[in-house]
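As a starting point, one isolated chain is supplied in structure tokens, in the form predicted alone.
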């Protein structure tokens, strides 16, 4: 395997609206990130990925861009971003931004021109189709619910949106559109970015027949992902993007590429793949039938989670490199999702989960608040939600026959707002995030889960994350934990997840107990030294090891001495 610089990174994802508010208007901002660089450096991370900060009406919190070259005033000015990139660099931290090129905002000048000018040259920048008998062109359902088609005022035409009504999809079939986007990407790379996380990129190619789908809900619609995600022909677009832009820079590209079958992973992340790495969402969606239907709950067990993670790891290992995560801005909090019983959500389960994902093969991503064990909330009414997707799922659940109480339960479990609540810096009002009322209601447990308390406690989740990062980045088995192959072990065990990492004769064995009971494992401890353990007690040296509840144990195999 050829080593690449980005394989060694530890990436920290920032949701800027909720990270830190430097000017006390209730909204996090770029200066707020700059002010917290010392904290990020002390954590040990090497790169930040910042969710969209471009000019936007914020219908989908910045994933609806109205100007690719301007920043949204609530986040600050371009000079603030330049300063952040520079100061982060001085602390050994690279910066990655989100790249949103499947769609724009309906307030983008291109779309506005199309609305106002019957002969607009931007008509072919978006996907427009005539209606059928006063109805939309077909029955596809958007990811956020409702038809993918919205009527263009005063015409018989409809425009296409895979996501929200205010996010019209760009027409990637038009080379002019692609060239405009490439020019923009180069502008940002020239600014000194280390690369991009590429949003919803598998949606850029649609099945050009635009035929109806078999309905799969009471709304008579079928999900657009069947015909508008990872379609035949997308390879040409992705190859061109890679050739004309990414390949000319030593940048990292992280594809959000849902819907890609494993047999195509080589095209995406192989030797000449479109991206450096991609996220695999299969294990993140194990609790629901699909990421877009939260009311279809799935009962899962540890074995299911293990199988999904190990299948993913082995397929990625065959193809190239992966991006490992437990949480992001579209997911709920991991301790609330993967640890089913509330009474077991504690230091041990949070650190066990953290270590389990962190030492997989691939580049680890930590989402803000994960390192202090932030949890899901419980909201009392739909009015408390901001997330466009949660609101759609609430009403869709009721359309599908669930009660309002059940619908609220589903979205409390899965809402994207769970991860978007303001960050807990201390136990002051609003968790030290701001002195003003935040844009989104806090999670009320900020007085017991916050950075300030955990800084003081050597045995906190935060300090365990620091040890974990240090173990991977500069510990005695660092190379093995970064570049080593992965091999699942104890694959049939119902509650222990375990794997080996192997590199140049070195072997690291990792054990994770996903249960609240002691578990026995056969291993000769005389052959191993402990690299990391979330329990303080020494491990007795004998043939059988007892893993305590939610224990994480990372062991380095001792070098074998051969006697001549």
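Bear in mind that the values here come from a model prediction, so they are computed numbers and not experimental data. Numbering follows the first chain given and starts at 1.
Although not depicted, the form predicted in complex with a small molecule is the subject of the following passage.
Heavy atoms within 4.5 Å of the small molecule in the model of the complex belong, among the stretches 394 to 402, 241 to 249, 326 to 334, 182 to 190, to residues of 326 to 334. A heavy atom within 4.5 Å of the small molecule in the model of the complex is found for one listed residue only; from 141, 420, 108, 229, this is 420.
Only one of 74, 256, 371, 169 comes within 4.5 Å of the small molecule in the model of the complex through a heavy atom, and that residue is 256. Though the partner is left out of this view, residue 200 does reach within 4.5 Å of the small molecule in the model of the complex, counting heavy atoms only.
Remark: residue 29 does not count among the residues lining the small molecule in the model of the complex, judged by a heavy atom distance of 4.5 Å or less. Residue 416 belongs to the set of residues with a heavy atom inside 4.5 Å of the small molecule in the model of the complex. At a distance threshold of 4.5 angstroms between non-hydrogen atoms, residue 163 is in contact with the small molecule in the model of the complex.
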